[in-house]
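Heads up, the chain below is alone and in the form predicted alone; it's given as structure tokens.
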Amino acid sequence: MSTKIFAHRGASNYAPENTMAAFQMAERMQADGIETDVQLTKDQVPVLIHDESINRTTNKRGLVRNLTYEQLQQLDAGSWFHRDYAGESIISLDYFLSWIKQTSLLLNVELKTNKFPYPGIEEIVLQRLQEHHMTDRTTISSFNPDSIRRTAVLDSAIDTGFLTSKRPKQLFSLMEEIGAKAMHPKFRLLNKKLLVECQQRNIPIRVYTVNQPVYILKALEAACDTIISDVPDRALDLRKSYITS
């Protein structure tokens, strides 16, 4: 099976990240899947936004966890990227799942619990995935080992990925202990030793965030399970040329 290409926060190089504009563009580009980020509002609604605060990607300031979903709905989440996207909104996980389940896209949900724990987020997200019949098409990933552990306990069948930007000691023992089924390393960690170790253990490697052609090609040559990219169109074109070369 060839390496899958996932759109990082949607086609986020071309449209405001984690908005419907970015997700729909990724589908039009024919990406294999979408990676997105989930945080909880003050009223416990899972929403798609990368930062714990709304400062960078909206026209207001504050923390997601201190605002209700209704308050977030009033924000402009597109103008910061380009005026053509004025009026794009922060969307709920429910809204997104209602859309993606009608496509053939796979899904990687990152639980943003490495700064704020968001108690109960794992159960809430799993419940939404189950309600939309998306568990078999979804990977839940996190930098927080406790989030992966809680997810694996709640649903041992769902795919889980441990995100890491550095190689901790006893990495594979940690992954086994928390129930992580796949490794999601930062691309610079990719080397022959890691590839061999993962292959021996039958652990998929899904690298992030790979945008430059030389690095996309390196990940393709390494036969990574998945490349997560802001430029899925570029990665898809390179995959096509790599396969046919």
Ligand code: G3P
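As the structure is a prediction and not an experimental result, all values here were calculated from the model. The first residue of the sequence shown is number 1, and the count goes up from there.
Beyond the structure shown, there is the form predicted in complex with the ligand, which is absent from this document and is the topic of what follows.
- Contact check for 32, 107 and 234: none of the three has a heavy atom within 4.5 Å of the ligand in the model of the complex.
- Contact between residue 181 and the ligand in the model of the complex is not found at the 4.5 Å heavy atom cutoff.
- Among residues of the shown chain, residue 37 is one whose heavy atoms approach the ligand to within 4.5 Å in the model of the complex.
- A residue is said to contact a partner when one of its heavy atoms sits within 4.5 Å of a partner heavy atom; residue 228 meets this definition for the ligand in the model of the complex.
- The ligand is not drawn, but in the model of the complex it has a heavy atom within 4.5 Å of residue 50.
- Proximity to the ligand in the model of the complex, defined as a heavy atom within 4.5 Å, holds among 125, 72, 175, 163 only for 163.
- The candidate stretches are 84-92, 108-116, 147-155, 125-133, and the one lying within 4.5 Å of the ligand in the model of the complex by heavy atoms is 108-116.
- In the model of the complex, the ligand lies within 4.5 angstroms of at least one heavy atom of each of the following residues of 186-217: 208, 209, in sequence order.
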